[in-house]
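Next up: a single chain in structure tokens, the form predicted alone.
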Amino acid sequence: MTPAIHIKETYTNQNSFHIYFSHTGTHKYKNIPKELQTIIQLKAERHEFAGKDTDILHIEQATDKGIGHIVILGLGDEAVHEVKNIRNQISKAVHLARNVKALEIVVHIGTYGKDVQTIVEGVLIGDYSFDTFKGKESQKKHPHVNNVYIETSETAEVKKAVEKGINTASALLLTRDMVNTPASHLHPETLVNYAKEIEKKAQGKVDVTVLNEQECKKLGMGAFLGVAQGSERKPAFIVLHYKGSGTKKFAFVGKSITFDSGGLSLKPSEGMMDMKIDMAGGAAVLGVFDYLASQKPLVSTFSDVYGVLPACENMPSGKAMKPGDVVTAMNGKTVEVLNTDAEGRLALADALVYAETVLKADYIIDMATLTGACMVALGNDLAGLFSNDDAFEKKYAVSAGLAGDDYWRMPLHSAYLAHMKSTIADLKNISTVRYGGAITAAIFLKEFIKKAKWMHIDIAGPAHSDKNGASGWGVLSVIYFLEPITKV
């Protein structure tokens, strides 16, 4: 259940959960009733609320006049406040509203009328929780918000921004649902079903092609099929296509290992517990296409937008790929597989070749929960981004900043490729040197790109956390990359 979003120029129900904004040092709370100004000022001083971009002031039962909850959200310096801070703060406030079982929220947007899309996104993200496997009693403890009223004029532009916000947030939350779903309930064929549902929803704007095992074999996808061969579940190579209005072709490739046991290079049990998330890249691709399915043709630089999901499980069995085996990728390069737990790069290798040579993509982003080494380097909050084109990365940086998809650009240090040369094949799938694992994984992938402008984004850290579950990292930034955020 998601809350209904309403547009209302004025709202007087005092028993609702009211949200206002403030900036660093101003303490000028616009649109708040005069009888509350003094008490809010006193509360702000008592709790050292300074309006910083992480500050939240919560006042319960502010007066004896029946006013329920008031929340003041800090947004930092008024001159430099960021879109992502509005989204994050609104999200926190709505989560707080759920904790106090508030069923109705009023957002007094004041001077933030241009940020309606962002506010709607924050509302829906804040209301989200993954309840699929929880019992009714557990769900009752934290009921969802029923109605959210955005206090502003109901113009055509505002309506459009609200619709955009609902569609972008829905795409993000679909991705989070998929990544949060356990591997007992999500398999390669499940991702196929999601893609087909998106195709149905799109009513002709998105078409889906699914290549089966035999079709992949005919194309020479030996690297992808090598990963898949240990599982009883059949692989599926899923391709989505959206027709745009520009001149260049763009492909979004997502690692789609629905469960990664490590194969015969078996992971320790602790390292295996979260491996349902190894399809987070593919889930992000499906989230983006869920958004595209709801849109009219994009006014963007791309004539075609493709999504590519090499979907399979990495499992140990008598059929599984063995350490020391050699596989041949779609571009003819051979790979000595020394560690079957370095499987994501094998599946992505064939997907990248397909995106560039079959789909003729001019620009490619691949997104993957690829290496623990990236988490060692950057922690849990930052993705690692590698690119062969500076202008491509700079354009993406703008959309990532709006989305709050934080990353750090990493070097494609070509000298490290020497550590991945094999004596019996063209490449090894792991380096002989212990360090720089995120870089060597990216360097390996670069061997499967010829001329396309390409970015590899390792989302192993920010894709999921024990506390909050799946984040949906990458969905909003790619959507904004394809179509800039709506401003009223």
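Position 1 is the first residue in the sequence shown; the rest follow in order. Keep in mind the model is a prediction, meaning the values are calculated, not measured.
Here the subject shifts to the form predicted in complex with a small molecule, a form of this protein not shown in this document.
Q. Judged by heavy atoms and a 4.5 Å cut-off, are 371, 375 and 460 together in contact with the small molecule in the model of the complex?
A. Every residue of the candidate spot has a heavy atom within 4.5 Å of the small molecule in the model of the complex.
Q) Of 121, 405, 343, 366, which one comes within 4.5 Å of the small molecule in the model of the complex, counting heavy atoms only? A) Among 121, 405, 343, 366, a heavy atom within 4.5 Å of the small molecule in the model of the complex occurs only for 343.
Q: Identify, from the list 210, 359, 275, 412, the residue with a heavy atom within 4.5 Å of the small molecule in the model of the complex.
A: Filtering the options by heavy-atom distance leaves 275.
Q: Look at the stretches 123-131, 260-268, 217-225, 315-323 and give the one with heavy atoms within 4.5 Å of the small molecule in the model of the complex.
A: This holds for exactly one stretch, 260-268.
**Q.** Close approach of residue 295 to the small molecule in the model of the complex, 4.5 Å, heavy atom
**A.** Outside the cut-off, so no.
Q. Residue 430: heavy atom within 4.5 Å of the small molecule in the model of the complex?
A. Judged by the heavy-atom cut-off of 4.5 Å, residue 430 is in contact with the small molecule in the model of the complex.
Q) residue 399: heavy atom within 4.5 Å of the small molecule in the model of the complex? A) No.
(Q) Would you classify residue 339 as touching the small molecule in the model of the complex, given a 4.5 Å non-hydrogen atom cut-off? (A) Yes, residue 339 is a contact residue.
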